[in-house]
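In structure tokens, one chain follows: the form predicted alone.
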Amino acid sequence: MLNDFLKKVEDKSLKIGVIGLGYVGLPLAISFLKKGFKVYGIDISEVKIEMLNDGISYVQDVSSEDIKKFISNGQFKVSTSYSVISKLDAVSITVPTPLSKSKNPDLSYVSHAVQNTLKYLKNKPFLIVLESTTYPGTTREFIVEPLQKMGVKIGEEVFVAFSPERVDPGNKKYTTENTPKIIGGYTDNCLKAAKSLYTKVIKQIVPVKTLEEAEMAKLLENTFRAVNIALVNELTLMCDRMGINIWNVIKAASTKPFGFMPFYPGPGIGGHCIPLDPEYLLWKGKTVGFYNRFIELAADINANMPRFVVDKAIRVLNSFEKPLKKSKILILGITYKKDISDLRESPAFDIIKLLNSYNAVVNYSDPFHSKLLFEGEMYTSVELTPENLSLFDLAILITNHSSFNYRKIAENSKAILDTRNAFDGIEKENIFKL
């Protein structure tokens, strides 16, 4: 059966399903479409499906022109129904893997996608690839074991693989196609099937020996970043007490051509990966009696950065003999990362919440969001005119969008707290660094 599958891949008669049409799934679907495959997209959001059918992209890295083209020519079909899986030969599952309120893995989206895939699975051979970030053992537990209970011959009738997503929203250099892709298969045939398909759209495939190695590799990538960000955040707290400019320290250390990689402090960590993925590793370790103290400490340091930002804001205002209470605060940038519209886990929201608890008067400015509903209150993005900037007692730079005119902001603001070193090179006494 493997040869039958490989033949369909080669002649592009293979019908592919992508479950979860978000920041990962939609660019993946477009990559397959551009290579001539017919793709069926599935998402539980009726709003997303309606937008796609209208030729509108809601993902920054995917153009509406591409959506219109592939929807109109019938190559890309999207729906909220899983019944289409009965017509398919392969699915890639790219659904969210959030955390519960108690910081435990929430795999309800994965479970829902897998259950419906198995419910409608008819064609054999068939490939199932899980791309959602998760703890080691998930693919085996949620896909392999249910298939075995159904009496399916894995590696012959159905191929199972895990291939972690590596998406960096807004990155112009590294896209779905040119970012190396890790793949782990349940059997050798599973790996061959998955490699044959992904090789058609991705330049470099990195095979690993097991499903668990592939799952663990993804968590290592993001935990590495989380821990190193925590290290530099902790050094920032120390340098703040010692009166040392951490940004100049990092710049100096970065001149070493070996053995050093720069990481930068900030107001907190955002996005889906860095705040969440280490928690999956932390949780999995506890299930086998292992406690990742390093990861737990890093998570604690990073989670407390928004509070440090507000404490620093209080000190800045005190230097102008102003209390935080009733002071007018302008948040510059509310997305978790520069030059993208993604709000997931943005530290801006923790900072706004803390500022509100001190009865400050908070507004924001962000080129990607003209309006924002937060905790029942509607905010409107402030236009950064000289007149508007002069109204605020303090501007706090959270997201260093390229479209901000930093010199104009510096010249017209009473005081600025820069959490990203965005005002580097502008020497003014009203600019305070994190």
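Start at 1 with the first residue shown and count on from there. Since this is a predicted model, take the numbers as computed values, not measurements.
What comes next is about the form predicted in complex with a small molecule, which does not appear here.
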is_contact(Ile229, the small molecule) in the predicted bound form, heavy atom dist at most 4.5 Å: yes
The small molecule contact in the predicted bound form: Lys337, any heavy atom under 4.5 Å: yes
Val167: touches the small molecule in the predicted bound form, heavy atom cutoff 4.5 angstroms: yes
Partner contact for Ile269 in the predicted bound form: the small molecule, 4.5 angstroms, heavy atom: yes
Selected contact from Phe294, Phe320, Tyr358, Phe263, since only one has a non-hydrogen atom within 4.5 angstroms of the small molecule in the predicted bound form: Phe263
Contact residue in the predicted bound form, chosen from Ile274, Val316, Ile246, Val362 - any heavy atom within 4.5 Å of the small molecule: Ile274
Site test, Lys218, Asn222 and Arg225 vs the small molecule in the predicted bound form, non-hydrogen atom cutoff 4.5 Å: yes
Per-stretch contact check against the small molecule in the predicted bound form, the hit in 108-116, 149-157, 94-102, 274-282 (non-hydrogen atom, 4.5 angstroms): 274-282
